[in-house]
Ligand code: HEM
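The form predicted on its own is given below as one chain in structure tokens.
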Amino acid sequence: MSHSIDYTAPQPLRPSLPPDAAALPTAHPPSSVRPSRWPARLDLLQSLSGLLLALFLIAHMAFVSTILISPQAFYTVARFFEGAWLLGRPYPVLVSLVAASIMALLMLHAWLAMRKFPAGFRQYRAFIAHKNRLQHGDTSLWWLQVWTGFLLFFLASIHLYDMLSQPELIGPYASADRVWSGGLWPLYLLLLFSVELHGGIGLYRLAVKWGLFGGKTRARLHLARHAFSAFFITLGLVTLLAYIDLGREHAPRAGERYQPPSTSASHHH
């Protein structure tokens, strides 16, 4: 004679409920638990900080490339940022404040971006395997942006610290001496390629992520990215060569400050 065994646990007795009890709202329905909005907010903050840094990059390149016009043009723009035209005399501390603000923005942007980096060797190895298997162009661009961003955190910090600690030395001769006699031209060369590649990729990814250009295809956005990086790398190389050339010429008098023609004429009299 066979016996069947029931392994199910006994169910507790429940009080009888009215037929429409299922329609009554519960105190804590599962649907009321919403995902945190902070990841989206941090993504937006990362995008805004990156956009501000890209705009500063463009403005900074326009400023330093005035050396291609003449040393006097660069000197005039440098003194403009010290507020002499508004405050009656130059205040280099204004440049220090701008440099400190950009450095803080750079640190914030780096911290926000690091949230998405591989957190350990196992994640790194998994990502590399995924990237190599997928062979996706945008994923490779993101990886290039990670490495250029890593370089920028150090290289840009050195440059910004110079601006912050010695704003009064921003001028045609002092800047050229720093590049050539100070031996910093390799750092600026590496900084140039890192920042322009990083900025170009960043603007492209912003446009794709937030749909900034509507119906523009990715092929057109890639073309715009290449044009952006090519233009600013070329402008940066020509500008750096101008500082190297001026620094070599001024090397025997390294440390001498530039004097505008009007000031030099008054000294002779």
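As the structure is a computational prediction, the values presented were derived from the model and not from experiment. Position 1 is the first residue in the sequence shown; the rest follow in order.
From this point on, the text means the form predicted together with protoporphyrin IX containing FE (HEM), which you will not see here.
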Protoporphyrin IX containing FE (HEM): the contacting residue among 206, 230, 69, 224 in the model of the complex [heavy atom, 4.5 Å]: 206
Proximity to protoporphyrin IX containing FE (HEM) in the model of the complex, single hit among 128, 93, 146, 158 (heavy atom within 4.5 Å): 146
Residue 73: touches protoporphyrin IX containing FE (HEM) in the model of the complex, heavy atom cutoff 4.5 angstroms: no
Contact flag, residue 110 vs protoporphyrin IX containing FE (HEM) in the model of the complex, heavy atom cut 4.5 Å: yes
Any non-hydrogen atom of residue 89 within 4.5 angstroms of protoporphyrin IX containing FE (HEM) in the model of the complex: no
Contact test in the model of the complex: residue 212 vs protoporphyrin IX containing FE (HEM), heavy atoms, 4.5 Å: no
Partner contacts in the model of the complex for 62 to 77 (non-hydrogen atom within 4.5 angstroms of protoporphyrin IX containing FE (HEM)): none
